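As structure tokens, one chain now follows by itself in the form predicted alone.
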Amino acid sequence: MPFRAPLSDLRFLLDHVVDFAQVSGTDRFADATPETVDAVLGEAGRLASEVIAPVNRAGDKVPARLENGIVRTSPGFAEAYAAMAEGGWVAIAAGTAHGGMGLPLTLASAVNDMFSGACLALQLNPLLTQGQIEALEHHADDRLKALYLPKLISGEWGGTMNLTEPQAGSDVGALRSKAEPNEDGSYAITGQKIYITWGDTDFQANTVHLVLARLPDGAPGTAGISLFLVPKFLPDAAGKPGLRNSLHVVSLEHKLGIHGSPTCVMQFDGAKGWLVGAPHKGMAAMFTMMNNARLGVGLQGVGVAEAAYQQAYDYAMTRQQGRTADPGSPTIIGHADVRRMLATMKAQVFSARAICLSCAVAIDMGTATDDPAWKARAAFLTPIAKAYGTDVGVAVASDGVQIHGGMGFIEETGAAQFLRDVRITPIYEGTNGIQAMDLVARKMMDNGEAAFRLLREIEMGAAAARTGLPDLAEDVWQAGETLREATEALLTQDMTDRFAGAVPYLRAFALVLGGHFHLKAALAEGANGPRSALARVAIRRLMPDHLGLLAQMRLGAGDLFALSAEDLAA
């Protein structure tokens, strides 16, 4: 069953829900005209559907493998990637100074959404490169930019991110990798990194690693970490890949999903690297890359959810089983429970996509205007976009298996691949629990100002909808008020209590935001259209869960710690 790029939803969201016109109305992004946006989305959608999606199953069935020290990629990946690179899709949001298109991140995010739905394992490759490009644009010196950015932007070279070590996962400050100064101004990097996505490939001329390591005078913890650029091949005088650097792939992980994406254990043995940014300020530079990647991972969840939904819908339209409640639908789509699952899935995908694109708009507006309010909004929405987008990816892919029934558990349908592939997304680039703790801690250091600004927007939107959709408008307005009161209560909690309720709070905020965006969509289309019917599903069936979630948030941590570690023993 072919993947169909969700062009109509993307265009509708940009035009009527997330206010993309604000972005194209700035001087910085004036080139993002409606004609340009339409052309970009149309061509990217064609590439996703016709070139990238056909290699998805091959990536699952014939995983990447390590052969005599060389990573061999899945059949068709090299050709599909070449089409992405030749079309300029690797770095459409990169600056024009080194060959990028300079288009808004919002537009790049829409493209990544489609590419993720087509083949998540392959899309991971350019996603990491995009993040590295942004980190280098912000933090590298001019020499490194001139040498590396054109190759990364063209897609000829690929980029990676090296944080995690066997003993240092979320606690990055526990890393042991070290960097010793060389006489020529470079550094010798030594250490082992794990979980390195696309740490090597056979279809790019060079792989450029961004590696966190500690200088000899680096303080303990994250404060003493520096960032280094370490290429697989050292560029020669002409800027072409030259001598092999002192690094190699130790092994590839055997994973639940994304089999086509090589997840490498990397060993650096005095490998030559160059400092990116200031000494001991590596985390700040790396977070530039990570924040880009967190929104991108949220969109990966959305993209896979879209693909899983499409396959489940197609199956429901053709599978005949039992007597249905709808005489006009003799297939299982006529069963009320199947209809419930499909409607829920579609509503969740729309909500998550809207939240992610709204976050991208805020990032673009912060870039274009340098307005602290836009930057605060982007920072607040990023953990919500990452966590909710990926949670929706897992939930929708799981329901997709359920709709297939027994055939969903059989690999030949491909339904299980979506679930296996997307299951990593709530884990990497900061687990969703860490996203939630970031939301209730660091993102509340402004005493909730960014949160309350969003809540005012939700309530104003609901007030504006009271004439056209009074019942739905009232539900959204009341949900906004409940969330406001819960946010005020959260600000009075100590940090342990906040962390105990962080995940429910983030989820509740996402559900209310989703209701808000569905209401905007219904209002833009008209009271009797299909988007209004979908909005009723989101607002009446999904959004009410925010009440129970916020009740959990208010409980704090007392009951959790009343259970000792021994009490929790199996």
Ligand SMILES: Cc1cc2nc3c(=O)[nH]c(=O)nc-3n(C[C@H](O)[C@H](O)[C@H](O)COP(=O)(O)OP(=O)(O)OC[C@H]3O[C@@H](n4cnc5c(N)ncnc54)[C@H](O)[C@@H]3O)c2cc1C
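Note that the structure is predicted; figures quoted are calculated from it, not measured. Counting begins at 1, following the sequence as shown.
Just so you know, the form predicted together with this ligand exists too; it's not on screen, but the next bit is about it.
Item to complete: Would you mind picking the one in 313, 452, 428, 374 that has a heavy atom within 4.5 Å of this ligand in the model of the complex?
Response: Only one listed residue qualifies here, and that residue is 428.
Worksheet item: Heavy atom within 4.5 Å of this ligand in the model of the complex: which of 477, 81, 309, 195?
Response: Among 477, 81, 309, 195, a heavy atom within 4.5 Å of this ligand in the model of the complex occurs only for 195.
Fill in: Non-hydrogen atom contact residue 434 with this ligand in the model of the complex at 4.5 angstroms
Because a heavy atom of residue 434 falls inside 4.5 Å of this ligand in the model of the complex, the answer is yes.
Worksheet item: Though only this chain appears here, would residue 182 touch this ligand in the model of the complex if you measure heavy atom gaps against 4.5 Å?
Response: Result no; residue 182 lies far from this ligand in the model of the complex.
Worksheet item: Taking 4.5 angstroms as the cut-off for heavy atoms, does residue 255 touch this ligand in the model of the complex?
Response: The answer is yes: residue 255 has a heavy atom within 4.5 Å of this ligand.
Worksheet item: Any chance residue 320 has a heavy atom within 4.5 Å of this ligand in the model of the complex?
Response: Contact with this ligand, no.
Worksheet item: If we take heavy atoms and a 4.5 Å cut-off, which stretch out of 300-308, 457-465, 135-143, 434-442 is in contact with this ligand in the model of the complex?
Response: Flagged stretch: 434-442.
Worksheet item: in the model of the complex, which residues of 153-174 put a heavy atom within 4.5 Å of this ligand?
Response: Those in contact are 161, 162, 163, 164, 169, 170.
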